[in-house]
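Next comes just one chain, in structure tokens: the form predicted alone.
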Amino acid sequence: MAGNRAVVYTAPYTVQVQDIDYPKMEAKGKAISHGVILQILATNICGSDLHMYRGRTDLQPGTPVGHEITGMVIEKGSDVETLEIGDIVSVPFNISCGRCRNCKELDTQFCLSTNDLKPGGAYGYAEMGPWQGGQAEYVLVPYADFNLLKFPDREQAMERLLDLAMLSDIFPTGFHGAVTAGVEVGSTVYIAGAGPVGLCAAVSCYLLGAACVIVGDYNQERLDHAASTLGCETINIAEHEVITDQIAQVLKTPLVDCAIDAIGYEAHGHGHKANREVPSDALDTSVDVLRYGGTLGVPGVYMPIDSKGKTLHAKIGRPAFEFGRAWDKGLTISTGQVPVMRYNRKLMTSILFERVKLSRILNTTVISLDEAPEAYRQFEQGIAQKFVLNPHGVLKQPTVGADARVAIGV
């Protein structure tokens, strides 16, 4: 029997690479025939993983983490019909049965079967079911025929694996933020957050036809990266008390059509509050900069309970948010996890035909499994990189080029 190694959460701000059990064809304590075992070829560290890394969830020590998975089928159950040994596949982080009402409506983020605590299952994430995390060498994927996105050509997939690795979560999440924000041809957009999700949202806005994308963050390194790779306009929110004034300098009007909160509940404030956590700041800033009748997409994570929240309202998932102003402006607000399967096939095609080159846009850095603890530390500090773990040594570090902007037509 093969071994298995994984990145395991052990305490706040601490992960370790440990030996864990090789996955079995079991789901929720029962033998299954609808699953596959994957050899993991690429697995990413996600901004959502940092919530657990910082101890901002109830994740139990000893839990293998990670939910952005791309791999190769090496074992399959007897009921798996559409996949073969050797297929290269993307794994949506939403674990879905394909049989319940929500899955049939492609609301796979709210599967009713894969998590006993509440609707919605995911790999290696707090309160998202008993599923092993994907920052490992091998992982079980249940309901494989429904869940997995098979790449049409093995050689082509291996050639573009670093870009395709973003289909499991981050690219669909950014695209979902843009879609739910109502971005279309000619839109002006404000994105709160210049991290990997914010960059994927910016890419998505350009793919959807946005005329101008403005990104706000207090991390100047990330802002410089957004400007140099995508041509985004940027605002260092730490330097300004009134963000609408900065919007007006770019657009000649203080308001945008669409806004995307790509930060979530660990947002910092802006201006004189930039050095401390202000959970509602990304939401409130988005409300401020949106035109009357505008639309706000919120792919950033907000928790119903945050025991480490800085205020009572934050602890109980009720950050003080300018809802009255949002109502007065008639804003449309969309929230929640992305249903990855709603977008991943189309986004795969955009990658295979080189409409986007995400590995360059995201400043992707390939690391070994053993380097994960240090990568978590750097990512938590805000480095402008996207770390991709290479458990079996099949990935190559991407070359840095200047054609990322060309690839999205900006």
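A residue's number is simply how far along the shown sequence it sits, counting from 1. None of these values were measured; they are calculated from a predicted model.
What comes next is about the form predicted in complex with a further copy of the same chain, which is not displayed.
Of the stretches 132 to 140, 216 to 224, 96 to 104, 189 to 197, only 96 to 104 has residues with a heavy atom within 4.5 Å of a further copy of the same chain in the predicted complex. Interface residue among A274, L207, A157, M72, judged by heavy atoms within 4.5 Å of a further copy of the same chain in the predicted complex: L207.
Though a further copy of the same chain is absent from this view, in the predicted complex it lies within 4.5 Å of a heavy atom of just one residue from L161, I243, A238, L230, which is L230. Contact annotation for the candidate site: H34, R291 and M303 all lie close to a further copy of the same chain in the predicted complex (heavy atom within 4.5 Å). a further copy of the same chain is not shown here, but in the predicted complex it comes within 4.5 Å of a heavy atom of F146. In the predicted complex, P172 stays away from a further copy of the same chain, with no heavy atom inside 4.5 Å. Remark: T234 does not count among the residues lining a further copy of the same chain in the predicted complex, judged by a heavy atom distance of 4.5 Å or less. Among heavy atoms of H67, none comes within 4.5 Å of a further copy of the same chain in the predicted complex.
Along 339 to 371, a non-hydrogen atom within 4.5 Å of a further copy of the same chain in the predicted complex is carried by M341, R345, K346, L347, T349, S350, F353, R355, V356, K357, I361, in order along the sequence.
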